[in-house]
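Quick heads-up: it's one chain on its own, the form predicted on its own, in structure tokens.
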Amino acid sequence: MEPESTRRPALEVDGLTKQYKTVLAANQVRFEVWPGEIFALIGPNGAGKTTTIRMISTLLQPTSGDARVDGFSAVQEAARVRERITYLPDEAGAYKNMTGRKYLQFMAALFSNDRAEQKRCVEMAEEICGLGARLKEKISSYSRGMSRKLLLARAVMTRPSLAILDEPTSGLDILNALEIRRMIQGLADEGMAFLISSHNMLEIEYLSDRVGIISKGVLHCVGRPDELKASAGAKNLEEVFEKVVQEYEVR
């Protein structure tokens, strides 16, 4: 990678805040994600992760602050941001009556009117998902692992600047989860930036370059997994998470 001083972040989150009447769901959240970096945003349920991700994804208007993708404002230039990101929520699904290949072709046509670009996207997705001949079969016949591989391939086939993944391996067995993680790492090695959220601390520790821990809407710490463990005197990221959350949740 080039030195960070010579590059522009893929994502800059600058003071994102969301106020719901009496609930401050996100409070002055700030971090950045660099090209080729896997950044994990973690926290307990109701901590503000989903609210922050939805503001970055332009699905939710912030009360104040902004997020910029490739320099474009999520508040002022939402359409330009949406051209540069992909968002794969945990509950995402595909059209089960379609074959895997038809689904990829359908989604590529939504992305671009250019036939050559559509073909390139589908070919990339087919290579990434590794489903081979099973792409000729209906998605209704797929296992959860196969469906998740297809969805991830669909999400990244447009080569977004930033891929936002919520619980990317939730419900998968060990082998399928490993395949998904390797897919993500391979794409990051090629320069794609990732913002991921997961409750699986072992996965986060294994996959992420840097981690941010959010609690009660506040991003309390950001660093590499080894830095966070050393700072907290912890053996693993689960213990770091526990210490940070307990410290701030009781306040």
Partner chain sequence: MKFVNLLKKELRELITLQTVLSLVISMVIFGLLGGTIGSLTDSINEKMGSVAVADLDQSEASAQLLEDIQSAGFEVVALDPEDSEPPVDQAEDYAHSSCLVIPKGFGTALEEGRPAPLEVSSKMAGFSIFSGMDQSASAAADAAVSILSSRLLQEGLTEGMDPVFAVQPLQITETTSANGQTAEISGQVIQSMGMQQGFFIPMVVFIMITFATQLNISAIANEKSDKTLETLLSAPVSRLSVLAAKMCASGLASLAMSAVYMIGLGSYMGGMMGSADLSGDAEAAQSVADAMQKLGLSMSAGQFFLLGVQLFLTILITLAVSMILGALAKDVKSSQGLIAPLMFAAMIPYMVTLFTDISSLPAAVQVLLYLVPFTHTYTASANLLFGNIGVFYLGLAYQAVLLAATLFLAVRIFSSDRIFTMTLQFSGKKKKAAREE
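None of the values given here were measured: they were computed from a predicted structure. Residue numbers count along the first chain shown, from 1. In this text, rigid core is short for the largest set of C-alphas that superpose within 1.5 Å between two forms.
There is another form of this protein, the form predicted in complex with its partner chain, and it is not shown here; the text below is about that form.
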Quick one: from I128, A177, M107, I139, grab the residue that has a heavy atom within 4.5 Å of its partner chain in the predicted complex. M107
Heavy atom within 4.5 Å of its partner chain in the predicted complex - residue from N27, S208, S198, T51: T51
May I ask whether V218, K229 and E238 all come within 4.5 angstroms of its partner chain in the predicted complex, judged by heavy atoms? no
Heavy atom to heavy atom, is I85 within 4.5 Å of its partner chain in the predicted complex? yes
K96 near its partner chain in the predicted complex, any heavy atom under 4.5 Å? yes
Verify the contact flag for L60: yes if a non-hydrogen atom of it lies within 4.5 Å of a non-hydrogen atom of its partner chain in the predicted complex, no if not. yes
Counting only non-hydrogen atoms and a 4.5 angstroms cut-off, does E117 reach its partner chain in the predicted complex? no
Per contact check vs its partner chain in the predicted complex (non-hydrogen atom within 4.5 angstroms), the hit among 60 to 68, 221 to 229, 32 to 40, 188 to 196 is 60 to 68
Though the partner is not shown here, which residues of 154 to 170 have a heavy atom within 4.5 Å of its partner chain in the predicted complex? R154
Indicate whether I139 shows a C-alpha shift of 2 Å or more between the shown form and the other one, with the rigid core used for the fit. yes
Rigid core superposed, CA of M98 - does it shift 2 Å or more between the shown form and the other one? yes
